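The chain that follows stands alone, in the form predicted alone, written as structure tokens.
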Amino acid sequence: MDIELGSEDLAFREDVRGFFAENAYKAGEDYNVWRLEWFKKAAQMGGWDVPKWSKEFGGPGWTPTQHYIWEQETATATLPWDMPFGIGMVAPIIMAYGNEEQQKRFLPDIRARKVNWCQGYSEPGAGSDLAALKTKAVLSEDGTHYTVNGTKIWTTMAQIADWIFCLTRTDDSGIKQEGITFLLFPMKQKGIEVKPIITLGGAHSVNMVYFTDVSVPVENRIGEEGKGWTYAKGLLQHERTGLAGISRSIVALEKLKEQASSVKRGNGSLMDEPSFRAKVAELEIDLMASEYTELRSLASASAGSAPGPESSILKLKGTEIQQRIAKLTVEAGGIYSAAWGRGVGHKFAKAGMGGYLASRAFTIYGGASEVQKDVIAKNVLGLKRSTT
């Protein structure tokens, strides 16, 4: 495989680096003002504010290689805070399956970061087995609206979301992948209750969301009734590739080496200890193998292929690698990690422990590792599901 960048791609990388350096956040600036200005300037670069959007909808129309370069550079640059659910998740669904009226209605506000979105997929009894969802949407007799009842769980940032894109059950007479309908509706309305779920690290990012007789106009349905599973699958493949976080892990591993090198051990450092160094080396080898898998996926995309089972391979291995980096960071912090670095010891110990606790969910959300293994077994190894 030829992984050398051509002259045009090298020039593009320098343009990206130059833009990040010129528009970096400066200490003392009003963050919110800087954030909005950054997106405006990125838009003036030809759609850099919406890097994954197609040119038809105002995106940059980059090649897969340019997207790869962007991911590499954003792993080390300081970018404005941006929720992925609008720009990177529901927007592509609206572009691909929404009608023209829906595209004109929703896409401009999503691009302007005026509306926060959340994702209504997982349920208490339908997490990794998402197709088992039971949240019901019943169409009114006059065909003007749906009435939604049910519960969603692990709904990230639902507490600040203005809208939700939600998978609902409109028919349960066939196989569970059928009869699922994709709806959009406001979060700030009668019949929606959001209850926080506090994670191991003490953060409030995920929630339980209860729907009680929520009215959703039929014009807020994306595509055809009962075809929501088809739309959701495409989104999940892109999401899983992003969750792998290969570029971010490369940066995180280098940071781990620096941190371990600052921990004194005898006349040297923790990085000089053979046992710890061996763990880092093994991790680095696995990360390199995952990067080559990502490059193969890139080559496939360059040839016009859509994301396939390689997205599950990347999600499986990428999230496991993130967990291993987090675990080694806690090991490097030693007793100070257990104390959450409260005013003593290594400065990275507190963030290291918080990162480790948060990382336990990486192999669950976006499709648990067991689900990814099923996908790989079926679509890569050609194994058939047992009927016994």
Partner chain sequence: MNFELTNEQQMLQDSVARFIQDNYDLESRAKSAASKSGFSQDHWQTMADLGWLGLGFDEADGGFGGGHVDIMLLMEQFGKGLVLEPLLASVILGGGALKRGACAELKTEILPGLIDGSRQLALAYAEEQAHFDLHDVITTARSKDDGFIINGHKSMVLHAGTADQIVVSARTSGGQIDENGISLFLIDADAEGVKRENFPTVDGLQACEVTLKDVIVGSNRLLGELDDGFAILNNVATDAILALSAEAVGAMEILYKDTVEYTQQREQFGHPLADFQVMQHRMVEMFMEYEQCKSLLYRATMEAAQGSATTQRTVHALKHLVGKSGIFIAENAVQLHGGMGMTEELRIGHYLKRMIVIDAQFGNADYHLQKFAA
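All figures in this text were calculated on a predicted structure; none of them were measured in a lab. Residue numbers count along the first chain shown, from 1.
Heads up, the form predicted in complex with its partner chain isn't pictured, but that's what we're talking about next.
- For the candidate set Gly127, Pro309, Pro92, Gly226, a heavy atom within 4.5 Å of its partner chain in the predicted bound form is found for exactly one residue, namely Gly127.
- For the options Leu283, Leu295, Val263, Leu243, the one in contact with its partner chain in the predicted bound form, meaning a heavy atom within 4.5 Å, is Val263.
- Using a 4.5 angstroms limit between non-hydrogen atoms, Gly334 touches its partner chain in the predicted bound form.
- In the predicted bound form, at least one heavy atom of Ile197 sits within 4.5 Å of a heavy atom of its partner chain.
- The closest heavy atom approach of Gly174 to its partner chain in the predicted bound form falls outside 4.5 Å.
- In the predicted bound form, its partner chain sits within 4.5 Å of a heavy atom of Gly345.
- Between 263 to 271, 111 to 119, 79 to 87, 186 to 194, the stretch whose residues reach within 4.5 angstroms of its partner chain in the predicted bound form through a non-hydrogen atom is 263 to 271.
- Along 272 to 296, these residues reach a heavy atom to within 4.5 Å of its partner chain in the predicted bound form: Glu273, Ser275, Phe276, Lys279.
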